[in-house]
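One chain is shown next in structure tokens, namely the form predicted on its own.
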Amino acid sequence: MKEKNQSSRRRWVAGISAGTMVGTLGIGVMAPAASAQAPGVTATSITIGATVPLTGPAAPGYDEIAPAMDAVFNWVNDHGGVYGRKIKYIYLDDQYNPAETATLTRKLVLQDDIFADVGSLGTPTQAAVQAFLNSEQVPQLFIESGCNCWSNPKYPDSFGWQPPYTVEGKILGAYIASHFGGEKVGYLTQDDEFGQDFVKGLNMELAKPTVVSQQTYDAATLSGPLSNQVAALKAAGAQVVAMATIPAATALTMLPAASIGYFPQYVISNVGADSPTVGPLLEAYTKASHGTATQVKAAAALLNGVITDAYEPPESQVSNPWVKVETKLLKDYAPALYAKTGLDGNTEYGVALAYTFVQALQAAGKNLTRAGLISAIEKSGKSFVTPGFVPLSYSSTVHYGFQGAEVVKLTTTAPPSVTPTGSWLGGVNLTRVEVTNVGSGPVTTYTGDIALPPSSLVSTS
């Protein structure tokens, strides 16, 4: 189908209702709870955990997310905690290896006694522990993956956060159909639910004769250029290449393609299209292969013109109120991380996800239990304040997070930027945002409100 050719001005609305939160944020405004309510909870603390790739093929960029989350928790703790309880965040390196994830998750639950698993990363890794966490009734919250499997009634304690990959595929597929109609399309995707769900969405919008080649890669064995896949796409005549790739795989696709003179229009999932992450990878891989200074510079420029999607304001929009707050929070509460990375798509992701969790704790109330936390997200999650272009989707039957995104184009000219493909109103994200679902429904345009950061976050971060 065609995407709707319209853009609508949406109002910015501040904060969140007092009926939903205690005060504005509810941190540091209540006396400590009298007694522990659940595993990992005491009168003065809440222990949560996660498994993330600090090393391994998915580490570039993704190793920034948990430290950025911890910055938010440090801010919360510095202002009294949540109902007087301070958050202790334990995150362990699983190397994006499902076997390691399983071992470390059991350690977090059985030895570290975590209250909830929060912000763990990866589709294959978290799928490997979903049954275990649910059997132990440990909330598996805001998983850093868009797998459709996070909203499965069989696993009521699991919740996604970012848009489902099928939604993302539908949005980008609709864009391809509208803007590159008649051109041959190839797919290059990770060979797990990440890639499979993305392809489901693409196929809902693209005619089968249009798709001339479907290539995959195995993240577990990713160690060098995806030359065979690239050669197959070129041989099939793919003029547009739609990709569901982690950042390293994006770079390891573009470089061999350029080396054989193949420059298709890339349309890439936001998972693998963060330019502050992928650009340095392109340069580093070129240097490692003894590329000249000219070749290194040319490698970074390969991202120019890439089509992707965004569901929160790109870090390049320095005047955006969320970008300002996130930047200040990282400078104040994670200065070493900020000095190394600045605000990029990954650190921004971590700040927003952690802030969502803080609101979930507040909604769960003073007498904190795991069941109460799940219920609070289902009942109140749609009203949580986030930088997202659309509201969160949580309910008793929907455990996805955002279900919309804005189609954007990357520009690598100085300074690098992310430009919406719709109309541009006043330099603020008031442009086309596509909303869809994981079924066969149409891609539609969101015309509702976008939240401003609450005043307490602005003033105290």
Partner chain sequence: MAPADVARYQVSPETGKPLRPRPWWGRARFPRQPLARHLVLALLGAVVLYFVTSALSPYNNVLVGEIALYLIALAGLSLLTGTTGQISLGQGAFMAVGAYTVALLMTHTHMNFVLELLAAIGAAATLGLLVGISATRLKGPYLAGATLLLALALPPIADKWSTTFGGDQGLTTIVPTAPGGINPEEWLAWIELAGALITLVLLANLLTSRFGRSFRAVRDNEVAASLSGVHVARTKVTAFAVSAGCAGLAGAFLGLSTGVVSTGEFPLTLSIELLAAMVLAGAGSLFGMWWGAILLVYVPQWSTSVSGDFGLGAGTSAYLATIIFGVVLIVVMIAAPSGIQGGLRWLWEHVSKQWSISRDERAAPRHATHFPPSAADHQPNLVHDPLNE
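Residue numbers count along the first chain shown, from 1. Only a predicted model underlies this, so the values are computations on that prediction, with no experimental measurement involved.
Quick note: we don't show the form predicted in complex with its partner chain, though the next part is all about it.
With the partner omitted here, the stretch from 164 to 172, 231 to 239, 177 to 185, 92 to 100 that lies within 4.5 Å of its partner chain by heavy atoms in the predicted complex is 92 to 100.
Using a 4.5 Å cutoff between non-hydrogen atoms, F132 counts as a contact of its partner chain in the predicted complex. Taking the partner from elsewhere, E136 is found to have a heavy atom lying within 4.5 Å of its partner chain in the predicted complex. Interface membership of V41, defined by any non-hydrogen atom within 4.5 Å of its partner chain in the predicted complex, is ruled out. Shown alone here, L373 lies farther than 4.5 Å from its partner chain in the predicted complex, counting heavy atoms only.
Here is the short version: of A310, A258, A127, A300, the single residue with a heavy atom within 4.5 Å of its partner chain in the predicted complex is A127. Note on contacts: among E283, E193, D344, E378, the single residue with a heavy atom within 4.5 Å of its partner chain in the predicted complex is E193. Along 44 to 60, residues L54, T55 each place a heavy atom within 4.5 Å of its partner chain in the predicted complex.
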